[in-house]
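Given next, in structure tokens, is a single chain: the form predicted alone.
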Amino acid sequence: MKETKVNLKHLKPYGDIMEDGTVQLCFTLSVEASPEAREAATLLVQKMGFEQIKVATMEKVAQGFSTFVIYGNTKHFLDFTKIKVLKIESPKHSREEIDDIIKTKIGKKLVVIGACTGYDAHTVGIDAIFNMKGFAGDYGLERYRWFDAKNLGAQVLNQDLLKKAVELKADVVLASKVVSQHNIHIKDMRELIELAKKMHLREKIIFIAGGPRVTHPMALECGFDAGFGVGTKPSEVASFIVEEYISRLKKQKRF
């Protein structure tokens, strides 16, 4: 089979044939499934700029609602080589490597605390990062010998989280945000950093945010040191922590 070379300067969606521009769309209309509904869906996709439109399925999902799966082709392309993304550049280490780095280069256990802040009660993400079992075969921070990791759970107010950070002499604070209606996650994140500044903790502690709507650029804009999104493994967070901590020691000329 002949290998097809991808033109990264002329990148288009791929369906059946390389760079044919085929895209699959799925959406619901608040009308009964009918020939008129099918035509309405087709016209909407045309207005989106797609061509060669094919309605693959039309199904009734509830009284007065129909859902569609539609294929269409786009003529648009982009130059992939010009895309630049602000992302975390820390080297990735295994759990054993991280424990060894902390032991030999830092010489003390790092205190890491985390919580779902504000009125957020969704603990799946923070639990996956902290607990022994971890996520996707990647052990959580509680299993690291050189982390003193404490998961404070859900609905922890920002001021309470920071008070706990002072009490435990935390080196790292993780804030998990899942609920994002009206951008409440951004509001809470910014408030946490502002409180940390008032308490003179911002430069003393590494602040990390995580959640399905959290991105690294957005976390930086809110004043955090890093942001991790969906699918993040505990070792990725742990790797950033040790690299950031050592970087700070170097800046303080203590390393």
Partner chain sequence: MTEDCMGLGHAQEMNPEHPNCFLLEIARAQMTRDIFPNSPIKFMPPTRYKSGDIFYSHLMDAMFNFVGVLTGQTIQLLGMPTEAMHTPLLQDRWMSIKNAKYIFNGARDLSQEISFQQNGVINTWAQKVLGETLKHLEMIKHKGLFKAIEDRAFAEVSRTETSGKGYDGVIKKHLQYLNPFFEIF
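Please read all numbers here as calculations on a predicted model, not as lab measurements. Residue numbers count along the first chain shown, from 1.
Beyond what is shown, the protein has a form predicted together with its partner chain; the following relates to that form.
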Legend entry - in the predicted complex, the one of 194, 59, 32, 39 near its partner chain [non-hydrogen atom within 4.5 angstroms]: 59
Legend entry - Contact residue in the predicted complex, chosen from 52, 67, 215, 46 - any heavy atom within 4.5 Å of its partner chain: 67
Legend entry - Partner-facing stretch of 98-106, 72-80, 167-175, 122-130, counted where any non-hydrogen atom is within 4.5 angstroms of its partner chain in the predicted complex: 122-130
Inset, instruction - Examine residue 247 and determine whether its closest non-hydrogen atom to its partner chain in the predicted complex is within 4.5 angstroms. - result: no
Legend entry - Touches its partner chain in the predicted complex: residue 181 (any heavy atom, 4.5 Å): yes
Inset, instruction - Find out whether any non-hydrogen atom of residue 155 is located within 4.5 angstroms of its partner chain in the predicted complex, and reply yes or no. - result: yes
Inset, instruction - State yes or no: in the predicted complex, is some non-hydrogen atom of residue 134 no more than 4.5 angstroms from a non-hydrogen atom of its partner chain? - result: no
Legend entry - Those residues of 6-33 which, in the predicted complex, come within 4.5 Å of its partner chain by heavy atom: 24, 26, 27, 28
